[in-house]
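So this first bit is one chain, no partners, the form predicted alone, shown in structure tokens.
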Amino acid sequence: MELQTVISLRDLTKKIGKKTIVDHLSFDIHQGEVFGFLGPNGAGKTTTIRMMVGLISISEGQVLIHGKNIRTDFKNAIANVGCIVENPEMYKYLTGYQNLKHMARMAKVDAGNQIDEKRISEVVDLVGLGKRIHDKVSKYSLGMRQRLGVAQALLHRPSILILDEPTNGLDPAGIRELRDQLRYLAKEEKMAVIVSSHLLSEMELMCDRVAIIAQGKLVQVQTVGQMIDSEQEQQSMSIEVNDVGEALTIIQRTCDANASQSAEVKNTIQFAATKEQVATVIEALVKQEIRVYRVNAQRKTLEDRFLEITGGGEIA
């Protein structure tokens, strides 16, 4: 099934004086996916997001939202977008509910010229603020304000949700709840969700695809699975057998690798191999009647791949 593109970046560029901050970025974001946006400090990630929603000018290139150009048709393009860039802003002397009513008026979220109370209740339930929605925002924790910001962004039923560091201030339970909410919005509501975060372990669980930029340039756009689980790349393996000596010979011959006996675990060999090589090793061991008790792979994480790709730069 062909994926519907909701946002297209085409040679998107930002220059300040003679310095290029964002350098000809081009990629698409699809309906119904959670799309992660990652980059080291100073990579241009936040600048890109600000250009995508019209907060700063574009030097070259274009951003198309549902085919509408953010530069030439801003009102119609941005109508499809809900976003929080950096920290959500709200009136702290009002309650959470009053903030949402005020936002609903500005966004013209109404039902027969009346504020759509049902929609407000829906977004309150979605972000888990039901018990505190009538408290003043001044009494909210940072995590609660983050939840209220997400609720504000969802009020007008956008087809695209952009969140910059949405997990800030959330405890582990809150992070998991937000992840589940965003996955629900993408899969059930067919919303495109664009998320930037420094919590790479969470991005690995949350995102369908990720884009990595460094020094303003696009380095890679792939599914999370493709990025961390390449068929061609070798993984660190350990295998437990009943005959270490014979198994070592077979593994070294099969993988052309420097396999070695583990000093920590008895009858265990450590080696590096691709998936296909692992299958060949196991087949060869079985043919020689060597008993295989356990095979473990040290799977790469998104953080591992990020550090490899960016050369260890800090995450913005």
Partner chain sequence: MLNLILNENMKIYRRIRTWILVILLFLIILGAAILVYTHLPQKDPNWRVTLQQSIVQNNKIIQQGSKSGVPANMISQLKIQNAQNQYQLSHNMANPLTGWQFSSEFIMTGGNFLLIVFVAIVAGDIVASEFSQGTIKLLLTRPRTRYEILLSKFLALVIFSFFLTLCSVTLSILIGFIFFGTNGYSIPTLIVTSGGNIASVSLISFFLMIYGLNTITVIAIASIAFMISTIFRSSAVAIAISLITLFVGSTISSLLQSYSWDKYLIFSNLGIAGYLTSGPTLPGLTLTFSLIVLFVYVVVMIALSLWIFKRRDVALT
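Everything quoted here is computed from the prediction, not taken from an experiment. Numbering follows the first chain given and starts at 1.
Another form, the form predicted together with its partner chain, is not on view; read the next lines as being about it.
Residue-level contacts in the predicted complex: of 255, 53, 285, 64, one residue has a heavy atom within 4.5 Å of its partner chain, and it is 53. Interface residue among 183, 92, 176, 198 relative to its partner chain in the predicted complex, by the heavy atom within 4.5 Å criterion: 92. Exactly one of the stretches 244 to 252, 31 to 39, 45 to 53, 271 to 279 approaches its partner chain in the predicted complex with heavy atoms within 4.5 Å, and it is 45 to 53.
In the predicted complex, its partner chain sits within 4.5 Å of a heavy atom belonging to residue 152. Heavy atoms of residue 142 never reach within 4.5 Å of its partner chain in the predicted complex, leaving it off the interface.
Among residues of the shown chain, residue 224 is not one whose heavy atoms approach its partner chain to within 4.5 Å in the predicted complex.
Remark: residue 205 does not count among the residues lining its partner chain in the predicted complex, judged by a heavy atom distance of 4.5 Å or less. For the marked spot (6, 13 and 24), a heavy atom within 4.5 Å of its partner chain in the predicted complex is absent from each of the three residues. Scanning 124 to 147 for heavy atoms within 4.5 Å of its partner chain in the predicted complex gives no residues at all.
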